[in-house]
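Just the one chain here, laid out as structure tokens, in the form predicted on its own.
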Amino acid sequence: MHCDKWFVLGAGSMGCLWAASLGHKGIIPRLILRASSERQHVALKLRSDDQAQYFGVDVVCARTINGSIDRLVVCTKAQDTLAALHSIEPYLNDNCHILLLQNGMGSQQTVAQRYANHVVWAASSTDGAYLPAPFEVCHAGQGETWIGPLTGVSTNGFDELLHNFRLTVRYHPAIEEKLWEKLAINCCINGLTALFNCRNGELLDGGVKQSRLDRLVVETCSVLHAAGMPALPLHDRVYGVCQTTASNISSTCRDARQGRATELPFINGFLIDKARSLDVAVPHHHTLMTQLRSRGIR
């Protein structure tokens, strides 16, 4: 079925993955691009397990949206989210549910404050995806996505994602706990992979990389504890991610390789700011960010 009021904002890897997955369920969303395109309709290619499927998706930009938005899945980079939402703000229904799929933390809370009149949700996802070409997405790693409201809500505006959906989506009433869990793991892995220009599994080298990884884990645990977050076996979780995604290139490393701005200010940067407010010392996180900046990675 064609559902005019579902939109996906952002046509990067996660945006295309979600648009294709909605199409697989029969909910055909509009895909909102940053700039206008000569094409108004694309065949979105989804590759998974050496199989390819195609889904017809209409593409629009802020100037060409025709109609109102009831359900919006936001897949922009954290640093672009607020501006991207502002560009389509006139089309958001009063009862619009907004689902944020950004890495790190900080941008979600800012959006929740700015759009307090809407129902704002956040997601924490471990799905892996990349774009070999525009509108061609490879689902490289099947993970799970936890979603939950950041603002008060009496109904689940995303019930359709919890059943018979090709992505594994689960509801969590305290979604900030899940955001903190993913933030903690990313704080230990992503920046290091960008610094060493390596795949996730290469951090477990038994040498310098692994030693630095361990120090980041210890500092991150200190911040989690001071922030009152539930105890997390972070060392095991970080090592587990490095092992199960050993051949993967983190989104931060991929952005660094292509000279793009990373989401590090919302990952390690957020953790450093939180540590400062809690009077927790995180010298190894500071060193990592300084070294990354010296290489032009921001």
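Model, not experiment: these values are computed from the prediction. So that there is no doubt, residue numbering starts at 1 and follows the sequence shown.
Heads up, the form predicted together with ketopantoate (KPL) isn't pictured, but that's what we're talking about next.
- In the model of the complex, at least one heavy atom of I189 sits within 4.5 Å of a heavy atom of ketopantoate (KPL).
- Under a 4.5 angstroms non-hydrogen atom cutoff, ketopantoate (KPL) in the model of the complex lacks S48 among its neighbouring residues.
- Under a 4.5 angstroms non-hydrogen atom cutoff, ketopantoate (KPL) in the model of the complex has V241 among its neighbouring residues.
- Using a 4.5 angstroms threshold between heavy atoms, T76 stays clear of ketopantoate (KPL) in the model of the complex.
- Of the listed positions (K182, K209, H118, R71), a single one reaches within 4.5 angstroms of ketopantoate (KPL) by any non-hydrogen atom in the model of the complex, namely K182.
- Comparing 189-197, 79-87, 166-174, 110-118 against ketopantoate (KPL) in the model of the complex, the single stretch with non-hydrogen atoms within 4.5 angstroms of it is 189-197.
- Contacts between 249-276 and ketopantoate (KPL), taken as any heavy atom within 4.5 Å in the model of the complex, involve S250, S251.
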